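The chain below stands alone and is given in structure tokens; this is the form predicted alone.
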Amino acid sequence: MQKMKFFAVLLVVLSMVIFVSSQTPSAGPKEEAVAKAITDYLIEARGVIARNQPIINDAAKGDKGFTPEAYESQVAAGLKAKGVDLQGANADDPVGKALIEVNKAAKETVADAQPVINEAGKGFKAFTPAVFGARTGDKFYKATGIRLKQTSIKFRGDYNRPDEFEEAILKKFESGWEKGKSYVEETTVGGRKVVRSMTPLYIAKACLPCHGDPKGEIDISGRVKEGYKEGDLRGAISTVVPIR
């Protein structure tokens, strides 16, 4: 008799757990999808800025034609090749809304830089992928409350300095981590539940003029080259997405 009562109580408790779970959907997957979308966007956008460095830094030319619209066209084409329709992003969907906002922030960054980009008679303009990413991330955060950052243990600008969480994950990436695999964790920042993600960044061919060989040489920006090879780990894209 006592066993029957025990199992009856257990059944009621399990039913309550199932009911509560069904009424409270997990927040993680939605925020993780947003983190992936804006990370993929920034990686593609950085590539566009890197590939346009010869044009941006052409001292012999004034108007470069690298307008916000030209930038957007190149990013949209790159993302489309990877199955992401930037132009068809839906503002009613969290992922679509995030893509629209990060693209808006990026276009504003390129627009703000037009006087520098189009300055004739000057070579290096200091409008690098890292500078572009930092400015875009700042605008995006102010508009959405979502953090989007480039970081590296060998950071060049203080705006890319890793925090404790980022440094720990960057060290994971350096020690046998599966290439290209992101790290995602649901945690708390400032008393608020968030999804944090880190996606490794690797040196592309367009990065080598500033970050490649010969190691120790001064690059066009006045910084010391790190001596990276194509495919080497450079750092990561870090996101902090609040769970709403």
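Here the structure is a predicted model, which is why all the values come from computation and not from measurement. Numbering starts at 1 and runs along the sequence shown.
Keep in mind that the form predicted together with a small molecule is missing from the display, and what follows is about it.
From the list 130 to 138, 71 to 79, 93 to 101, 111 to 119, the contact stretch for the small molecule in the predicted complex under a 4.5 Å heavy atom rule is 130 to 138. Mapping the unseen interface onto this chain, Arg156 counts among the residues with a heavy atom inside 4.5 Å of the small molecule in the predicted complex. Taking the partner from elsewhere, Gln53 is found to have a heavy atom lying within 4.5 Å of the small molecule in the predicted complex. At a distance threshold of 4.5 angstroms between non-hydrogen atoms, His211 is in contact with the small molecule in the predicted complex. Using a 4.5 angstroms threshold between heavy atoms, Arg234 counts as touching the small molecule in the predicted complex. Note on contacts: among Val184, Val194, Cys207, Ala37, the single residue with a heavy atom within 4.5 Å of the small molecule in the predicted complex is Cys207.
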